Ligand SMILES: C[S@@+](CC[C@H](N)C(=O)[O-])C[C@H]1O[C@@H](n2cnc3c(N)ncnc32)[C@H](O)[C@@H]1O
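The chain below stands alone and is given as structure tokens, in the form predicted alone.
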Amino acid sequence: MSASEQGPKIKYGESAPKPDKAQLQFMKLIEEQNLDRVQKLKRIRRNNLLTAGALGVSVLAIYGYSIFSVQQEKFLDDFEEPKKMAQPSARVLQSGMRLPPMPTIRELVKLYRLQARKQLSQNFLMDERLTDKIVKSAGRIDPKDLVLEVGPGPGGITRSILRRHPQRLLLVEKDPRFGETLQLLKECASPLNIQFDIHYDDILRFNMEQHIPDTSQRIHLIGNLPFAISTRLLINWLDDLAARRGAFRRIDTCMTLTFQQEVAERICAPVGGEQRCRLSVMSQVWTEPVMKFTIPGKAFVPKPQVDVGVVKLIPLKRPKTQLPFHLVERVVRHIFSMRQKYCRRGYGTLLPPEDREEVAQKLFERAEVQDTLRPFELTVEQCLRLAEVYSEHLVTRPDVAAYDYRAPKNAEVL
């Protein structure tokens, strides 16, 4: 075909309109956005590849660790006994014994229609995680140990104790209404070969030596104490500890008990602390008290007005004094009877008024204690030195032991 037959040639460059400045800027903007989109897609693709690689490595690592674990279990199976395993755990694993499934404490309370009695200061602890934590705070419980629980109530802490498999569990409960729930626990624990004894008695009058004649077993004292008797019970037990009687014929008997938060702080209060008091000194003469943790009041039913502190009291292998308990308690009680005044004021009430100032001054000098300190500023050692010089003073003046500054004056006989 000839050139003339092909038709006229069109020059597009000449006929097409030229873009103006605004169109050029718009085209440039679109091109930049496209480039940014491409870069973003590249980054996403690179991140996806890295994530896929990391997941693949993790899967392979988990698979390899699983293979290693299976082989390790087979290796351990070749041994007759897991020597590094704790004795209670080994005993349970070998016997295959477990506590059977049981209703929760809340369900038992509803089932038997149990209600806390205000006059007995009863507060139920329903959360098993907290009861487990209390028992764990008691430390290691060996299969040969004996655990005495005070006031088990519906059996929350009791259930946690049974999981530790002591050789003997002794419950002291004042309220017989909990008999059915505790008996249910006893029946469920029978396959565990635990000696399970329940006594309905007042713990303040409970004869430890009669019910625990054997001293070959280590004793753990555990309890959610009623607020009304907690301080009095602790003082009684400190008295037993000082005399090495009752549950404290062995030096390794520990106490893990609940108190009102304020009382717990008093027991553990350091020198100069706001809560420092008679209970602080008496507890720290014969034990090392440790505040374990605090339980909020809302965890109890009914809810008390205060929080609760869990304290573990560890008897000292060497008590800080050999003086009689009641003498030390008398001196410390008088010192803290006037807590905000100089310690000589409270200490002086131990002495008759005739020569009180003179004798008190001499006793402070012999004890090498500054008489202008406040009672809460005294250390345990300073309190004990004051008790020692008072004891020495009674040797020469035995009549002073019977003096009571609060006793009414004798009326004149006509």
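All residue numbers are counted from 1 along the displayed sequence. Remember, predicted model here, so these are calculated numbers, not experimental data.
The same protein also exists as the form predicted in complex with this ligand; that form is not shown, yet it is the one meant from here on.
- The listed set L192, L184, M338, V172 contains one residue whose heavy atoms approach this ligand in the predicted bound form to within 4.5 Å, identified as V172.
- Only one of I203, I212, A138, V263 lies close to this ligand in the predicted bound form, with a heavy atom inside 4.5 Å, and it is I203.
- Look at 285-293, 160-168, 263-271, 225-233: in the predicted bound form, residues with non-hydrogen atoms within 4.5 angstroms of this ligand sit in 225-233.
- With a 4.5 Å cutoff on heavy atoms, F178 counts as touching this ligand in the predicted bound form.
- In the predicted bound form, L125 approaches this ligand with a heavy atom inside 4.5 Å.
- A residue is said to contact a partner when one of its heavy atoms sits within 4.5 Å of a partner heavy atom; G246 fails this definition for this ligand in the predicted bound form, lying far away.
- In the predicted bound form, this ligand sits within 4.5 Å of a heavy atom of G151.
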